[in-house]
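Take a look at this one chain, the form predicted on its own, written out in structure tokens.
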């Protein structure tokens, strides 16, 4: 059985190489798919490597594809299914990291930190009043109640907001009760929430889900956070919502990455941006590496791998 890992060039690979070599010295590590063919049976890649039909054809012997990430929308799943390739991801490595990033966005907006920081640092002013608000008593709507959504709900409990969620797969009643969650329709979540956080995968249904019509149903001045996939949100519609409805937005993902830095999105005061890094912490990267290698070893030893993607 032959193994190959593809790492994007911007990822410091020395530590990863050292770790992998200690456990799987036979693993080949490359920085691109700029070759004609590989006879590898097992391919490990991140979401930064596009694995469409043409790229996957370079691996005629491929039987197992491990994506070192929660997301896997970079993979041509139809082709993988056609060829009988097992596809797995790692949905548990960064769930708490993303949840904490969302809470950071929320608190920055609620506590008026952008304004206060600029008043002190730029205007040399000592404001006596602020628009700071408490999270307690607010209504938070979570779109998508997978592993990250659940971690977010668990962490929000201590702050005392009301928690709404929408997901096509509803949790069990006892799970909802434990987390203090109320399942509502998509439209009700939009109109009732003071804060909305997206945790949905990118699918044909969710692509462009947040458009002019969707934003029009939200409360004026609501906080909107996207740490899932940029293509779920129509950027021009978000910009208009920020300008016309005073929406405050915490954005970690973009339609195109890197984004167009000339976009008006980066000029708006009520928008905080981070570079698709919500799930990237020192701790999450170690968990990701450990879980990825562990899953590949499971497959190599003839044990069913974890987190198999439904094709």
Partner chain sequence: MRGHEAFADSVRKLDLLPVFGNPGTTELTSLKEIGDYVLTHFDGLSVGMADGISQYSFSPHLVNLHTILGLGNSMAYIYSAKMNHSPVIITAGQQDMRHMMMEPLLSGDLLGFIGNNVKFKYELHSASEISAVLRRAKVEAMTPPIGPVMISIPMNVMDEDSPYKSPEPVKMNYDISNKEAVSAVANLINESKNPAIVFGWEIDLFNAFEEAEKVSEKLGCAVFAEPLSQRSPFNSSHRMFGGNLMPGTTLINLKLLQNDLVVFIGGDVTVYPYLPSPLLEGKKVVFVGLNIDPKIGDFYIANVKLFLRELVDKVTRKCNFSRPADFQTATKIANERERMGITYVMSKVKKLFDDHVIVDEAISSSTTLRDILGYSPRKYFFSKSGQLGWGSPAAAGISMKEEKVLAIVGEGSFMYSLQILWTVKRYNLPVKFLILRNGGYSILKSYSISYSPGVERKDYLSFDLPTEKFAESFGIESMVAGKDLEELKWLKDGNSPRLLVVDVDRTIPKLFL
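Treat the numbers as computed from the prediction; the structure is a model and nothing was measured. Numbering follows the first chain given and starts at 1.
Beyond the structure shown, there is the form predicted together with its partner chain, which is absent from this document and is the topic of what follows.
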key: in the predicted bound form, segment of 126-134, 205-213, 179-187, 82-90 with a heavy atom within 4.5 Å of its partner chain   = 179-187
note = Note: exactly one of 77, 108, 237, 157 sits with a heavy atom within 4.5 Å of its partner chain in the predicted bound form, namely 157
task = Could you spot which one of 218, 223, 198, 164 gets a heavy atom to within 4.5 Å of its partner chain in the predicted bound form?
result = 164
query = Taking the shortest heavy atom distance, is residue 97 within 4.5 Å of its partner chain in the predicted bound form?
reply = no
inquiry  = With the partner left out here, check for me: in the predicted bound form, does some heavy atom of residue 192 sit within 4.5 Å of its partner chain?
reply    = yes
ask   = From first to last in sequence, which residues of 72-103 have any non-hydrogen atom within 4.5 angstroms of its partner chain in the predicted bound form?
value = none
